[in-house]
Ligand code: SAH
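Only one chain comes next, encoded as structure tokens, the form predicted alone.
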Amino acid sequence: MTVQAIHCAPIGFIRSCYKEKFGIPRQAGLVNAVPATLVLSPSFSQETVDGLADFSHLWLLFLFHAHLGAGWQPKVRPPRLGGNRRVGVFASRAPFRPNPIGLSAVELLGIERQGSAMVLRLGGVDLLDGTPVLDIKPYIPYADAHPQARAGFASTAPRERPVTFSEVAELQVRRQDPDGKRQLRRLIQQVLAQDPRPAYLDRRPARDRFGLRLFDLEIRWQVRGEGFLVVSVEPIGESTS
């Protein structure tokens, strides 16, 4: 049987602190400092999530919407291999795929109604703000967790880089998050500890200054030995560096 096309409509959209692709954790669960939300379309009533709160984790099936129309190749260079070895696209989690569909296991922190929409509060999200979600499925430990499974080239967790803050950056973090509710410092530390740089820059460190966007803030940092130094944390449009 040949299927020419399958049409799917999003059931909702992600709202997260990640406003650009650079800096998003490469896997779910690596950064848990700040929750995200999945806002379901108003057509999905409270009945559709009845019983979901009994599960601690969920599978999200989503669309790599920032890569639509970008094409794909049969072989890719995973960051875990330093960007210098190719594997088949189906042996990777690269976003450039024949069908740009992704899968993430995230923590369910709560469910609430906001206006006419049901909202799921999520932890450990690795998704760009605005990501369309195609489906939700409960995570079932006895069936979904396989401790004995082989993980190929990703058999161990990536090493974390030490992250420090300049005096200026510390002051700016406190200014942007005076009561600590945003967990801004922890978020920055967790994101940078995963080393969001392209893999080739670790092999050829000609560039040592970088910036990324979290919430409405521009985070600038530089390489210091084996770790990173956060230089400034400023609202978008106010950065002077």
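The numbering used is simple: start at 1 and walk along the sequence shown. Here the structure is a predicted model, which means the values were calculated and not measured.
The following text describes the form predicted in complex with this ligand, which does not appear among the structures shown.
Peer 1: Mind telling me which stretch in 26 to 34, 208 to 216, 174 to 182, 45 to 53 gets its heavy atoms within 4.5 Å of this ligand in the predicted complex?
Peer 2: Of the stretches listed, the one contacting the partner is 26 to 34.
Peer 1: Looking in the predicted complex, is this ligand within 4.5 angstroms of a heavy atom from every one of Phe62, Ala66 and Asp126?
Peer 2: Yes, the whole trio is in contact, each within 4.5 Å by some heavy atom.
Peer 1: Can you pick the one in Lys137, Arg113, Arg86, Arg93 that has a heavy atom within 4.5 Å of this ligand in the predicted complex?
Peer 2: Of the listed residues, the single hit is Arg93.
Peer 1: Examine Gly102 and determine whether its closest non-hydrogen atom to this ligand in the predicted complex is within 4.5 angstroms.
Peer 2: Residue-level check for Gly102: yes, a contact with this ligand.
Peer 1: At 4.5 Å between heavy atoms, is Lys21 in contact with this ligand in the predicted complex?
Peer 2: Contact with this ligand, yes.
Peer 1: Going by this ligand in the predicted complex, which residues of 133 to 172 come within 4.5 Å of it through any heavy atom?
Peer 2: The stretch 133 to 172, when checked against this ligand in the predicted complex, contributes no residue at the 4.5 Å heavy-atom cut-off.
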